[in-house]
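Included below are C-alpha cells for two forms of one protein chain, each presented in isolation as structure 1 and structure 2.
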Structure 1
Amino acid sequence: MTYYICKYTPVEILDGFGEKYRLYNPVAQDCARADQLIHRNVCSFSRALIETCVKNNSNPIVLTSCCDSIQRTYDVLQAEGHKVFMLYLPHNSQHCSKLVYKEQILKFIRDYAAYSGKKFSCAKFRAAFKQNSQSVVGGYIGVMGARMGEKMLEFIKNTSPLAIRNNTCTGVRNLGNPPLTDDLEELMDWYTDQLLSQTACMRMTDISSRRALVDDPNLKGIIYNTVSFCDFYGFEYAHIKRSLDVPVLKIETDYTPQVAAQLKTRLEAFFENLKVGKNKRQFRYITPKHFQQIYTAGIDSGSTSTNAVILDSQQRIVSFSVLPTGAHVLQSAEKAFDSALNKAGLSQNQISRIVTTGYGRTNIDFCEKDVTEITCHAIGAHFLNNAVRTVIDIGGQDSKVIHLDEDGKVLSFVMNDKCAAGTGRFLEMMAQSLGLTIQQMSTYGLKWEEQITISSMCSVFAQSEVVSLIAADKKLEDIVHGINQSVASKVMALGGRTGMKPEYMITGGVAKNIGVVRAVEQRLGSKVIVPEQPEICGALGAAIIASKD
C-alpha cells in the first residue's frame, strides 16, 4: 500500500504501476515520538503524520511540498529511514508551472519504477480515472477548509439533518477523462493541466475558483475545519463569516481524539439550530392520562456537577437538584433525578418526558432525547430573562459564549478549546494552590489592593505563576483578584471573536463566584444578570424542551 496526503498527488500514476494507494488521514493518540523529532509548533497534521508513519511504519508515502511543515515532515521521515517520494508542487497553474510539475511527475514515474521494479502502463493509467460522485440534490451542508479525518466526516454525515458535501482540501478532486493515446508526453501534458486546474486549495496563489464552493443557492450551512498551528484556512473562514448569509461553524482539528467530545457538542449544537433537524430516536410517550398534572424533567450531566430540574405543565420549576458528577455519569444522573423527584414528592412514572444535556447526555439511557448544552443554556437563559442576548456559560470543563436573537434562537456560539483556562476547573486548581475553598475564592478577590496580572494562557503555567506570586509574598486577595481578571480576560477573548451584545447573563457554577462576575462586568462595562440558581440553567433548558416536544 502506498500512502498520499494531497489532492494534487498524481495517484493515477500508481494505478499505472498496478499499485494500491490510500489517502492518509492519520489520527494520533498522542504525538510523543513526533515531539522528539520536530518542534511542537509545527502544524498538528504534520506532527500526527510523523507520529503515525513512524509508529505504523507507513511505507512508502508520497508527499507534495504544499507548505513548509510538509517539507520538514519529509526531512524527518527521510532521516528516520522511511521511503518518501516528494513532488515539488507549483502554487499556480500558469504554463511554466505546468511544465515544472510535468517534469516532477515524469521523475516520479522513473523513481517509482526503480523503487518497485514495475513497468508503468499507459493503459492502466487511463483506466484509473473515475468521476467524482459528490452529486447532492437540494439543500446541503458544505464541509470546507482543511482536510478532515474519516471518522469525523462520517459523524457529520450521520448527524446532519441535511446532505453533506465534502469540500475540504482533499475532498474536492475532479479530473476529466484522459486522451486515448499511449504517448507519455502527451498524456502527462494533459494530466498536469488537470491536476493544477482543480478547484484551488488555499495554498495556491489564485484561489478564485473556490468561489464555486460557496456561490450555490443550495448551500444551507458551512462547517469550516481549520488545523492547529496552520494559518492558511483561517483567512478564508474570516472572509466567509463576513460575506455569507448562511450559518457557519468553525472547528479546529489537531488530529488526536482528545477533543472529540467538544467537537461533537459543537456540531450537534450547530445542527440543532439549523431548524431542519430530525429526531433520530423514537420518543417514548409514557404520559399517564389519569394524572391531572404533566411533569417533564431535564438532566444536565456536566463534568463537575449533575443537575436535574422538574417542571409542571405550566413550566413552573417544581424542584431541582445539584449533585457532584463523580466517576459514573449514569449513576450520578439517576441520583440527581431521584433527588429532584423526592423534593417534589413525585415518582418517575409521573414524569412524561426527560431530556438530557451536558457532556454525559448520551450515556443516560432513561431519557427520550438528548440536546447539546449550548441549545439548552440558550433556552434556559431566554426563559429566565427574554431580554438576554449574550449567554456566558462558564462550566467546570469549558466556557461558551452564546448569542441569542429576540426569540431566544441561537445566532452563533463559541467554545473554548481543550485548554481548561478560564473554566471552573481552572479556578479549582488555583484555589488548591492558594489553600482556599471555592467559597473563599468567590469573595477574596473583592478585597484586593494591588493589581496583579496572571499572564499565562495555559492553566498549568498560570498555576506556576500563582505559586511564584505566593513565594513573592503577595497578598492572597490580590492574587485571587488577578485570577478573576484572568478568567474574565479569557471570556472576553472568546466572545470577542463574534461580538457580545447586552443584555448579558452568566450561567454555570462559576457564576456563583462574585469576584469573577465583577471582573467580567468590569471588562464588559455593563452589568451582568446572574440567575438565582445559575448552575441549573442547562437542565432547565432541557426540561423546557421536554415540555414542548
Structure 2
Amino acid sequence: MTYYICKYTPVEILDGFGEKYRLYNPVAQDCARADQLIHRNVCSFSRALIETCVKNNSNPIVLTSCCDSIQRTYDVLQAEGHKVFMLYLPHNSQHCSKLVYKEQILKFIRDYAAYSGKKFSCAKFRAAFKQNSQSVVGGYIGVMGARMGEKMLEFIKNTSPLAIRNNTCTGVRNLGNPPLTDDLEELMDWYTDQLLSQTACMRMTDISSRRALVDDPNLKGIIYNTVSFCDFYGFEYAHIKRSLDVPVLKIETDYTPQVAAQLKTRLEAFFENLKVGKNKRQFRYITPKHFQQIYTAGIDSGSTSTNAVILDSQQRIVSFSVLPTGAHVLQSAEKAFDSALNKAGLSQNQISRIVTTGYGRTNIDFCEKDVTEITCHAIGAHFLNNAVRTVIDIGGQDSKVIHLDEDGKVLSFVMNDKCAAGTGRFLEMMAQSLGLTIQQMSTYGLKWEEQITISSMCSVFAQSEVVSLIAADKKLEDIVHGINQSVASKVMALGGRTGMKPEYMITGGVAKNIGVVRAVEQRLGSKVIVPEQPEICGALGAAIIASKD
C-alpha cells in the first residue's frame, strides 16, 4: 500500500503501476515519538503523520511540498529511513508552473519504476479516472477548511440534519477524462493541467476558484475545520465569517482522539441551532395557564460542578442545587437531582421530564433528552432577561461566548480550546499560587493600585509569572487585579470585538468573582448582568426545554 496526503498528488500514476494507494488521515493516540523528532509547534497533522508512519512503518509515502510543516515532515521521515517521494508543488497554475509540475510527475514515474521494479502502463493510468462528484440535492452543509479525519466526518454525516458536502482540502478532487493516447508527454500535459486546475487549496497564490464553494445558494451552513498550528485556514475562515451570512461553526482538530468529545458538543449545538432555524417557535416560551402542576428538571453535568434545577408548570424555579462533580458523572447527577428534589419536597416520580446538558450529559441515563450547554445557556439567559444578546459563560474548565437574537436563538458561539486560560481552573491555579481562597480572589482585586499585566495567555506560564511577581514583592491586590484583567482579555479575545453586543450576561461559577466581572465590564465599556445564581443557567435552560417538550 502506498500512502498520500494531498489532493494534488498524482496518485493515478500509481494505478499506472498497478499499485494500491490510500489517502492517509492518521489519528495518533499520542505523539511521543514525533516529539523526539520534530518540534511541538509544527502542524498537528504533520506530527500525527510522523508518529503513525514511524510506529506503523507506513511505506512508501508520496508527499507534495504543500506546506512548511509537510516539507519538514519529509526531512524527518527521510532521516528515519522511510521511503518518501516528494513532489514540488507550484503555488501557481500558469503554463510555466504546469511545466514544472509535469517534470516532477515524470520524475516520479521514473523514481517509482526504479523503486518498485514495475513498468508504468498508460492504459492502466487512463482506466483510473472515475468521476468523483458529490451528488447532493438541495440544501446542504459544507465541511470546509483543512483535511478532516474519517471518523469525525462520519460523525458529522450521521448527526447533521442536512446533507453534508466534503469541501475540505482533500475532499474536493475531481479530474476529467484523459485523452485516448499512449503518448506519455501528451497524457502528462493533460494530467498536470487537470491536477493544477482543481479548486485551489489555500496554499495556492490564486484562490478565486474557492469562492464557488461558498457562492452556492444551497449552502445552508459551514463547518470550518482548522488544524492546530496550521497557518492556512484561519485566513479563509476570517474571510467567510466576514462575508457570508450562513451559520458557520469553526472547529479545530489536532489529530488526537482527545478533543473529539469537545468537538462533538460543538457540532451537536450547531446542528440543534440549524434545526431551530427551521422552526423558531421552539425558542419561544409558552406559559400555558391551563397546565396542571407538573414539574420538569434540568441537570447540567459540568466538569467542575453538577447543577440541577426544578421548574413548575408556570416555569417558576421551585428549587436548585449546585454540587461538585465527583469521579462518577452519573452519581454526581443523581446527587444533584436528589438534592434539588429534597429542597422542593418532591419525589422523582413527580418530575414529568428531565433534560440533561453539560460535558457529562450523555452519560446520565435517567433523562428523556440531552442538549448541549450552548443551547441551554442561551435559553436560560434569555429566560432570565430577554434583552440579553451576549452570554459569557465562564465555567470551571472552559469558557464560551454565545450571541443571541431577540428570540433567544443562538446566532453564533465560540468556545475556548483545550487551554485553561480564562477559566475557573485558571483562577483556582492562581489562587493556589497566591495562597488565597476563591472567595478572597473574587474581591481582592478591587483594591488595586498598580496596573500589572499578566502577559502569558498560557496558564502554566502565567503561574510562573505570578510566582515572579510575588518574588518581586508586588501587592497581592495588584496581582489579583492583573489576573482578573487577564481573564477579561481572554474573554474579549474569544468573543471578538465585533461579535459582542449588549446586553451582556455573565454565567458560570466565575460570574461570582466580582473582580473578574468588573474587569470584563471595563473591557466591554458596558454593564454586565450577573444573575442571582449564575452557575445554574445551563441547568435552567435544560429544565425549560423539558417543560416545553
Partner chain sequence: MNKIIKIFGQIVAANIHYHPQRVLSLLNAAYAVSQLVVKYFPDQKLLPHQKYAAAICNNVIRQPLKDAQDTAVVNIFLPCELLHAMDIAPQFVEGLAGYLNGAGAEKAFIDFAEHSGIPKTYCSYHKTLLGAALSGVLPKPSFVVNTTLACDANNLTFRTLADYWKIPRFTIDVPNEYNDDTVEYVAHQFRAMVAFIEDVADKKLDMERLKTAIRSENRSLSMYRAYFKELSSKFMPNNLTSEMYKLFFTHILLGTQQAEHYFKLLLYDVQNAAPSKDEIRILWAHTLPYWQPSIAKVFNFSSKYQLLSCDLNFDYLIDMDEDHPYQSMAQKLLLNTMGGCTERRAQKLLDMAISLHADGAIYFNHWGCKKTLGGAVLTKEMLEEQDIPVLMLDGDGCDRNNVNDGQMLTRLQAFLEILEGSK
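Take the two forms, superpose them, and find the largest set of C-alpha atoms that agree within 1.5 Å; that set is the rigid core. These figures come from a predicted structure and were not determined experimentally. FYI, numbering is relative to structure 1, first residue = 1.
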Which of the two shown structures is the form predicted alone: 1
Rigid core fit then D338 CA moved by 2 Å or more between structures 1 and 2: no
Threshold 2 Å Cα movement between structures 1 and 2 for K490, core superposed: no
Displaced residue check between structures 1 and 2: G81, CA, 2 Å or over, core reference: no
Shift in Å of the C-alpha at L184 between structures 1 and 2 after core superposition: 2.8
